[in-house]
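Here we start with a single chain on its own, the form predicted alone, put down as structure tokens.
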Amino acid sequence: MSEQTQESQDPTVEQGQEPKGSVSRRAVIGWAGAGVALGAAAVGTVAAATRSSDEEAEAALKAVPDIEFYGEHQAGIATPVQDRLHFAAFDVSTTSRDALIRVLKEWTKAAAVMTGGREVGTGATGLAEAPPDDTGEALGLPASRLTLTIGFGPTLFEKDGKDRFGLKAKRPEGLIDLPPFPHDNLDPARSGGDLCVQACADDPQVAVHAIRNLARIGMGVVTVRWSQLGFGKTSSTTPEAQTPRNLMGFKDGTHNVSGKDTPTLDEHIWAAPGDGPEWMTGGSYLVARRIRMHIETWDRTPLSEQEDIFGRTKREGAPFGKQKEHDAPDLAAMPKDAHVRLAHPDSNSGAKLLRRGFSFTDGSDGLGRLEAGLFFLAYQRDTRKAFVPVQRKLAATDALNEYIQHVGSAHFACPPGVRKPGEWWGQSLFG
């Protein structure tokens, strides 16, 4: 959660929401239960109204254009942020370089197909005598602006001193092992990974389907190390729209990098020629952090203290001393340990991150406390000059530290985009 982002909602129908004037499926379920008392006629009326509204909603979803898979940069970084996430980190279980390359080629083909709303391979209903190529749970669903973004972790290049796939010499200097930060309580089972795939979509079933199919394709070569579901984007690359709120009730991220701001993207997000190995030119470095919020403690904190901790008002999101959310902040008017003041680019030599964070809830922890928080995703040109110095400052003095804890962490080098059919994820790295 940082002042590095400006969150907004994309102008599409989001999962869990129905277009204005329509009847939600959740409401229909409730009405159907009440319909026993109301009588069959009432249920019939509800069903007729629902069929019409559902058809309109489905037509609206299908009208949303797909996000192009091929391009100079990977989709899912600067492209408009969707509402749902399924993020997975993988470990490579094989010692065969050829087997790994084969999976990356197959993954690329599947990713191009799924982001276009099509079935993998021969589809979900192929030969009756063999398992289908596609798992089938996304049949009939549109692509929902699905994007799939791959990254390579430090352990893919070298692990326990071993050059596993002949890639050690190609490891970028910027792909560092993240240093420890004060207050971290990292779970190794939710950290690291040889590979990662970030699936974002407006429909959670579409995102889950994508990761499920990639895991199935990679069986015997890669295994899922850990994964995270997310909802309610907490950052956006379309800053002209409304800023949503995190689980603490505050607008999260009012100065994210716009996906249309090419000069800023080139300066702060995309790796440039000469930054490192040629295979990373046009790519970006991803930091993923699972940040748990101590929700129950936060909910008992007075409003005035909550606003002091962030340095913004809760309802409007205005910086202290200002009236509107997007008024230029007066950092000196905020408490010295306010989150916004510490995370703002002006407090960090102009360092900027492109954020694509999501909220998460994973049930309770067995003591009645909500297992919830922020799954922080940040892209940058050089992690050493962006995330690391910003996080060091936040970890040292941020007042928010009393209410959050970083419990998972990973760092990945995300290569440039696949420019045309026939090319594949990581081709320039393995070439």
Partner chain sequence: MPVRRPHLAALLSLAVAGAALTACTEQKKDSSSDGSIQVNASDSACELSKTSFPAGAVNFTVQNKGSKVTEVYVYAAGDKIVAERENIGPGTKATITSEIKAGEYQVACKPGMVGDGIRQKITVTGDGAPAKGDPRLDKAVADYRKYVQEQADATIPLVQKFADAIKAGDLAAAKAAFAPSRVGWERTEPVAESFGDIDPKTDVREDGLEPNQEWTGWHKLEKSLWEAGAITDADKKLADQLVTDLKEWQKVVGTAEITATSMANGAKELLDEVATGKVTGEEDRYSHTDLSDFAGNVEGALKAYELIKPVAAEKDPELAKTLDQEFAALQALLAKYKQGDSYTSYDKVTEAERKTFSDAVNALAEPLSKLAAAVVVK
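Residue numbers count along the first chain shown, from 1. Predicted model only: the values in this text are computed from it and were never measured.
Omitted from view is the form predicted in complex with its partner chain, to which the following refers.
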Contact test in the model of the complex: residue 129 vs its partner chain, heavy atoms, 4.5 Å: yes
4.5 angstroms heavy atom contact with its partner chain in the model of the complex for residue 122: no
Exercise: residue 224 in contact with its partner chain in the model of the complex, heavy atom 4.5 Å: yes
Partner contact for residue 183 in the model of the complex: its partner chain, 4.5 angstroms, heavy atom: no
Residue (of 161, 302, 220, 263) lying close to its partner chain in the model of the complex, criterion heavy atoms within 4.5 Å: 220
Heavy atom within 4.5 Å of its partner chain in the model of the complex - the one residue of 109, 216, 245, 294 that qualifies: 216
Among 202-210, 281-289, 233-241, 130-138, the region lying within 4.5 Å of its partner chain in the model of the complex by heavy atom distance: 130-138
